[in-house]
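So this first bit is one chain, no partners, the form predicted on its own, shown in structure tokens.
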């Protein structure tokens, strides 16, 4: 979903910077709280950031001016919420834009909003809803990661449609075209990403379930039950 450098016209690229900035400010504040109060969670935070970097670097050709790839943000959203995840994505997107020619600086705000804000919010909401209704934890994690991925690409499709409305049918017609092209590659990638994240989550439970309890990702009772089932 990385929109390439210079592809979005004004005022759209500026708008996405303005929209994304408040979440980055909140995220930096929350990140400081975690580093001060949950220092044992810092290695897990680094793993979540590295996961985003690796998966989002695996790009496939797709829509002109953009691409398809897993996002990796579902794991961070589940573990640290939709406020910290944008900061991790900002670091990843800046590095990719500067050193990998993946994305761009002028399109950084748009890419951050779709991958770092909108997608993680979807994933976090799905995970919390699944926990609230008592759904299977691993299925919930799978759906959260997969739908965070799909949500990212729906927003990217909307961003491109708003900037480049079709001559006939306007934004809606353009959205259908962009979304349809993305779906060919993104739906299978989302399913694969959901499976991978569920497996990683299971591994984290077996290794350090106590951190998940401290981060309020799982209740202690649920964490103990999952760990016993995994043994």
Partner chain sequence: MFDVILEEYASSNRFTERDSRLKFTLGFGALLLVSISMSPLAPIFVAISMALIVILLAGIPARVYLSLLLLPSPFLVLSIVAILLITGGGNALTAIHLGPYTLHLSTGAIVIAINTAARILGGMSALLFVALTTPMVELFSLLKSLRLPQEFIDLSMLVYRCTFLMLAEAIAIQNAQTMRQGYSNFRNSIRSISLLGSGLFIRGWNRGEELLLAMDSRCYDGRFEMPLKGKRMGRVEISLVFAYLVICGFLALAPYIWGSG
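Since we're looking at a predicted model, the values are computed, not measured. We call the rigid core whatever largest set of C-alpha positions still superposes within 1.5 Å between the two forms. Numbering follows the first chain given and starts at 1.
There is another form of the same protein, the form predicted together with its partner chain; it is not shown, and what comes next is about it.
Engineer: Classify residue 19 as contacting or not contacting its partner chain in the model of the complex by the rule of any non-hydrogen atom within 4.5 angstroms, answering yes or no.
Structural biologist: Residue-level check for residue 19: no, no contact with its partner chain.
Engineer: Does residue 103 make contact with its partner chain in the model of the complex, using a 4.5 Å heavy atom cut-off?
Structural biologist: Yes - in the model of the complex, heavy atoms of residue 103 and its partner chain come within 4.5 Å of each other.
Engineer: So, in the model of the complex, is residue 187 in contact with its partner chain at a 4.5 angstroms heavy atom limit?
Structural biologist: No.
Engineer: Check residue 215 for me: does it contact its partner chain in the model of the complex (non-hydrogen atoms, 4.5 angstroms)?
Structural biologist: Yes, residue 215 is a contact residue.
Engineer: Identify whether its partner chain in the model of the complex is within 4.5 Å of every residue in the set 121, 124 and 131, based on non-hydrogen atoms.
Structural biologist: Heavy-atom distance to its partner chain in the model of the complex: none of the three under 4.5 Å.
Engineer: Check each residue of 34-51 against its partner chain in the model of the complex and list those with a heavy atom within 4.5 Å, in sequence order.
Structural biologist: Residues within 4.5 Å: 35, 36, 39, 40, 42, 43, 44, 45, 46, 47, 49, 50, 51.
Engineer: Core superposed first: is there a CA shift of 2 Å or greater at residue 162 between this form and the one not shown?
Structural biologist: No, its C-alpha moves less than 2 Å.
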